[in-house]
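The data below hold one chain only, encoded as structure tokens and taken in the form predicted alone.
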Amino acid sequence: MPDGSDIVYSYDGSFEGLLCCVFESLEKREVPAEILLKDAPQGVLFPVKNIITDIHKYDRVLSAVTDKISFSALDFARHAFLTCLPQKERYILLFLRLGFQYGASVMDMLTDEVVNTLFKAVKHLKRESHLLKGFIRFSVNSNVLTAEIEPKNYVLPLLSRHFCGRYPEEHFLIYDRTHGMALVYRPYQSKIIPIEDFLLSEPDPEEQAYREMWQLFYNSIEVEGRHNPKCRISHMPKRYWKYMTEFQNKKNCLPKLCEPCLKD
């Protein structure tokens, strides 16, 4: 990653705000050493420039990206913004600056450190969202389907279309404990909202009965002679187990694991 100017940008954490940082970088012909959130601790030696989110500037950069680079580059930048990549804002800024220089071909510059780093981050984001489409477990709570996840990336925008299409007539909520956000859905209306904390009530007898039946099914279908903990972990990483119903019954599930597989 190239060295930046002796200045740090501070922005509001939105994608619109980030594109305003890109506007400032291009207009002032400078590359910030870092791009930080406004509320983040700022133990930096360089002066901090507060970048105000301006919809006019955002629109100008948005149009420039689609006109001078490509729609796929804009979509790629949006996905990169959802990743857990450290310093993702600065990587995206550098990626877009490269795009304005090389055009649509920037998407093929995988030997470039910036482009390659972002591609790996987006690949991780998409893989995590794909896995969660299969690993999310809903419980009925006050007639609402509820689920919790702790993803590394901000995957709710990617999960929204899948689950809204899968359960169009249901009411459901998926809480992302890592980012303090929740996908809330009622028939044909969905929204992602901030939630500081979320605590499910204890399951009622009917819900508990369904959980026990699912655990019994999960433990009954396994062929004991083919039990392969390493293979299971490769397809179902341990960090997802915390909120999966089949792993809540430790009496049934955990004794089957060998000692090395119990470690993170």
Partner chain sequence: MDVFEKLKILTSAAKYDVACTSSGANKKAVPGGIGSASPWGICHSFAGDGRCISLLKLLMTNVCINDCKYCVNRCSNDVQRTFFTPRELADLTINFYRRNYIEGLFLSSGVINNADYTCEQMIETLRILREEYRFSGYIHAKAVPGADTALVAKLGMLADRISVNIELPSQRSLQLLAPDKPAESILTPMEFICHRIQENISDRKTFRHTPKFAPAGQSTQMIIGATPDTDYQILRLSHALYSKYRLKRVFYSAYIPVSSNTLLPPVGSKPPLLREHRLYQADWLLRFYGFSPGELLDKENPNFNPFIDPKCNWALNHMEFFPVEVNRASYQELLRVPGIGVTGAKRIISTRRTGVLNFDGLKKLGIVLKRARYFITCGGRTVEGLKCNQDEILKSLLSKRALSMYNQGLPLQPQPEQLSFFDEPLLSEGDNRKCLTGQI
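Note that this is a predicted model, so its numbers are computed, not measured. Positions refer to the first chain, counted from 1.
What comes next is about the form predicted together with the partner chain, which is not displayed.
Participant: Sort through Arg137, Lys88, His179, His79 and report the residue having a heavy atom within 4.5 Å of the partner chain in the predicted bound form.
Facilitator: Going through each option in turn, the one that passes is Arg137.
Participant: Between Lys152, His130, Lys191, Arg186, only one gets a heavy atom within 4.5 angstroms of the partner chain in the predicted bound form; which residue is that?
Facilitator: Filtering the options by heavy-atom distance leaves His130.
Participant: Might Trp214 be said to contact the partner chain in the predicted bound form, defining contact as any heavy atom within 4.5 Å?
Facilitator: Judged by the heavy-atom cut-off of 4.5 Å, Trp214 is in contact with the partner chain in the predicted bound form.
Participant: Can you work out whether Ala209 and the partner chain are in contact in the predicted bound form, taking contact to mean some heavy atom pair no more than 4.5 Å apart?
Facilitator: Contact with the partner chain, yes.
Participant: I'd like to know if Gly225 sits close to the partner chain in the predicted bound form, meaning any non-hydrogen atom pair within 4.5 angstroms.
Facilitator: Flag for Gly225 set to yes.
Participant: If we define contact as a non-hydrogen atom of the residue within 4.5 angstroms of the partner, is Met109 a contact of the partner chain in the predicted bound form?
Facilitator: Contact with the partner chain, yes.
Participant: Only one of 56-64, 192-200, 230-238, 22-30 gets a heavy atom within 4.5 Å of the partner chain in the predicted bound form; which is it?
Facilitator: Within 4.5 Å of the partner lies stretch 230-238.
Participant: Decide yes or no: are Lys38, Phe95 and Phe100 jointly within 4.5 Å of the partner chain in the predicted bound form, with each residue judged by its heavy atoms?
Facilitator: None of them does, since no heavy atom lies within 4.5 Å of the partner.
Participant: Pull the contact list for 165-189: residues with a heavy atom within 4.5 Å of the partner chain in the predicted bound form, in sequence order.
Facilitator: Residues within 4.5 Å: Gly165, Arg166, Tyr167, Pro168, Glu169, Glu170.
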